[in-house]
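Just the one chain here, laid out as structure tokens, in the form predicted on its own.
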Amino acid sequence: MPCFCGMVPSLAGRFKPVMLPYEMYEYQRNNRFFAQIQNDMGKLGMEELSGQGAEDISPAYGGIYFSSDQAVLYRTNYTSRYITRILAPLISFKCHSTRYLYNKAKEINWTDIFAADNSFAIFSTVSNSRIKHSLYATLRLKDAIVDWFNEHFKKRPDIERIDPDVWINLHIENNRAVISLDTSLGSLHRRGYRARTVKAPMQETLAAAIISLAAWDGSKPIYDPMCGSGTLLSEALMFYCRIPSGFLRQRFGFEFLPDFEYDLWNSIKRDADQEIRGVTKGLISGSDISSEVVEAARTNINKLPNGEKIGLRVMDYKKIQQLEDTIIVCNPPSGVRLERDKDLSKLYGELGDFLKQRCKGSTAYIYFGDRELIPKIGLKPSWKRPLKNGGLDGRLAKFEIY
């Protein structure tokens, strides 16, 4: 069960009055990291890590272990479309009590990571251990860090839950604790383009997975007839134009690693940004019945390079005359988080009729937040893939329209 801990942020800068010997921390000794990712996106994440140059890649519950140098770590944080965060273990140890957790945490020279003028937050998970409560474990780790700074500098760092300078992760499983630095500084699904949102938006990593599973390569136009706030269209744009997923992020947690290499990071970022390419008008487009929603999508997409090239219009999809020879992506209302009392059978039946009658030669990839709605569309899917969206156990279904 996860737990956050937080208070008020500090705006002051970072300093390092003390340095431990190089290669003191666990990730430095073994170059081993842990990438958190939804289990149903694990294969995509492993392929992505391999493409970045990571080695010794192995799946685990809730993520992927991998080995890499600093360059791969920085590049993966900046460009990954599916991973939510990457943890760099500082220390790991057998842990049967919060007192021992407190004492071990105080062995870390915390100024190697951040300063008393920085803010921090802790995210903890606990399972199958003598320590039962993640909240108590979080508080004891927080106490250890704050007390360490008080003892050394007579000053304590502030704790900020929403936007800290540093995220510390504590994971205790089977009485073994790992204290890590979150090198991503919060979930990587927060790309930074979602300035305006709508009810029940699709998570960005899920949208990226849908674009990938659609195997869209730009040889055909892609269209979202229920575009909402534009998440699928934004991820299609980022994919096609090779825009790094972290392009709009201002900071990363790896900048607080004791061996952070500023010039290397700048070089990696510069090289990735130089790969960005343009897109022709009409290749990526979408619509929605609500003018307010379309305006939100326009605001979000325009934050990205080439966003002005994406076609958007206010239109009920049922009034679209044809969408032939097109890749169609769509996230219709599921009734799980919206319209709970509404029978959606008619909506999905009409969507199926639209696909059959006006989308000849197209392939549709429809995300069902409620998998029980798949038969309502009246089409036989070529395949179905489990994909979670927040707490929804949804399915992506592929429909080939002849």
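Each residue number is its position in the shown sequence, starting from 1. Note that the coordinates shown come from a computational prediction; the quantities given were computed from them, not determined experimentally.
Omitted here: the form predicted in complex with a small molecule. The next part is about that form.
Only one segment in the set 266-274, 70-78, 219-227, 139-147 has any non-hydrogen atom within 4.5 angstroms of the small molecule in the predicted complex, and it is 219-227. Annotation: in the predicted complex, residues D40, G62 and G186 none come within 4.5 Å of the small molecule through any heavy atom. Of the residues P89, P332, P258, G307, just one reaches the small molecule in the predicted complex with a heavy atom at 4.5 Å or closer; this is P332. Distance criterion of 4.5 Å from any heavy atom to the small molecule in the predicted complex singles out V293 from the list I113, V293, I108, V279.
At the 4.5 Å threshold, heavy atoms of P201 reach the small molecule in the predicted complex. By the criterion of a heavy atom within 4.5 Å, F252 is excluded from the residues contacting the small molecule in the predicted complex.
Put simply, T205 is far from the small molecule in the predicted complex: not one heavy atom of it is within 4.5 Å. Contact check for A195: every heavy atom lies farther than 4.5 Å from the small molecule in the predicted complex.
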